[in-house]
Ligand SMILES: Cc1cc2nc3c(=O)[nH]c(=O)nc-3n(C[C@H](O)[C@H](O)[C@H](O)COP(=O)(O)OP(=O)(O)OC[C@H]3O[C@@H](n4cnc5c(N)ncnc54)[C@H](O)[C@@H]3O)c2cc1C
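In the form predicted alone, a lone chain appears below as structure tokens.
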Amino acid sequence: MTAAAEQIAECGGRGQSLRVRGGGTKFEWGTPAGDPDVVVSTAELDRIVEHNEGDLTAILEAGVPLARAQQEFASAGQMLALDPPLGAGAGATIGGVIATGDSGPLRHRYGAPRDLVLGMTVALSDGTVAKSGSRVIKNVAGYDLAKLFAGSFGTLGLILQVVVRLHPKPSQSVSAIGRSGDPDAVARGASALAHASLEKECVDVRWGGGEGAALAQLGGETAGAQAEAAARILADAGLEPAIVEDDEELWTEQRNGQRSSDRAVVRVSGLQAELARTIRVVESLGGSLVGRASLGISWVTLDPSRIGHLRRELAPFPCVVLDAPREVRASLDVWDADPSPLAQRVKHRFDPAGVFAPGTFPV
């Protein structure tokens, strides 16, 4: 970590622009900017420093692949409750996932990356190595760097190391899915699942080609019985229910729906109550959708030429463009947001030289 911090300080002193690269699976996200003077790789920051099984915490360097960390935690019956798409070669790193705020279906129960990071060590462009938080879960002292850097897209500094909260890995999982060609029925089923008193790991929706589904994953020793209860809820909502005992592929498809190599993927931050309308708009534009039903967050895949239509139809919901050809991202505001004076002040505080990822984020 010392060598990385020294490299950052040298770049800052020279005023060289730089971008941080982890596994490279989300390196193209954000506003296209000119090539940086330096690309800082976290590939050598790949140690699982500590895995404290008794405390359900771990300390990881930023370049640790998330898949490798999960294998380590699973050997102790634990997990880091982050399950975003891992990209080519399962290359996503813990630092990259936190920096981009990426998440998967487990966000329903366990929250976003910012909710699972207890502490963080970062290197700033003036040579400062700053640390906040600890492995103690109830920690209220000090400035919360972790929440500030989560989702900052590497524009504030280099994440060197994180302390994360772990959870017990469910002994088994069973899923219930209800299918329908009626957007209102899918939305009604998703809402009923979200409000049901069941041990739900995930509650998702999907839509594409004129048909959709609401689905829930139940975990633990009673997963089967709870899945049957969830299926009855879906039937009452007017959907055609089914139980899926071997459900890994089902949820892999949900995660895969958040990325595309040849179309545009737009993340819509809407409302649960507006799900049916969102589905109809997506259907009218020839797109498809996966989403976290109870959170109102959807990932819409569609032809890049329809992004403007999507934004107009769903305004004022923020529609952030994630995957899209570079020329498309260069032709529009990928963030669908104006620069914030508060974000500008934070950027100036942590990166006064303005060397970290200039031009990729609205500050």
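In this text, all values refer to a predicted model and were calculated from it rather than measured experimentally. Numbering starts at 1 and follows the sequence shown.
Just so you know, the form predicted together with this ligand exists too; it's not on screen, but the next bit is about it.
Taking the pose of this ligand in the predicted complex and superimposing the nearby C-alphas onto this chain, the site is blocked, with at least three ligand atoms within 2.4 Å of backbone or C-beta atoms.
In the predicted complex, this ligand stays beyond 4.5 Å of every heavy atom belonging to A58. Residue contact check for A62: one or more of its heavy atoms lie within 4.5 Å of this ligand in the predicted complex. This ligand is not shown here, but in the predicted complex it comes within 4.5 Å of a heavy atom of D102. The shortest heavy atom separation between K347 and this ligand in the predicted complex exceeds 4.5 Å. Within 4.5 Å of this ligand in the predicted complex, a heavy atom is found for not a single one of W207, Q254 and P304. Remark: of stretches 189 to 197, 83 to 91, 223 to 231, 280 to 288, the one touching this ligand in the predicted complex is 83 to 91 (heavy atom within 4.5 Å). The contact residue chosen from E50, E28, E44, E53 relative to this ligand in the predicted complex is E28, the criterion being a non-hydrogen atom within 4.5 angstroms. Though this ligand is absent from this view, in the predicted complex it lies within 4.5 Å of a heavy atom of just one residue from Q258, S132, S180, Q78, which is Q258. Of all the residues from 150 to 164, those having a non-hydrogen atom no more than 4.5 Å from this ligand in the predicted complex are F153, G154, G157, L158, I159.
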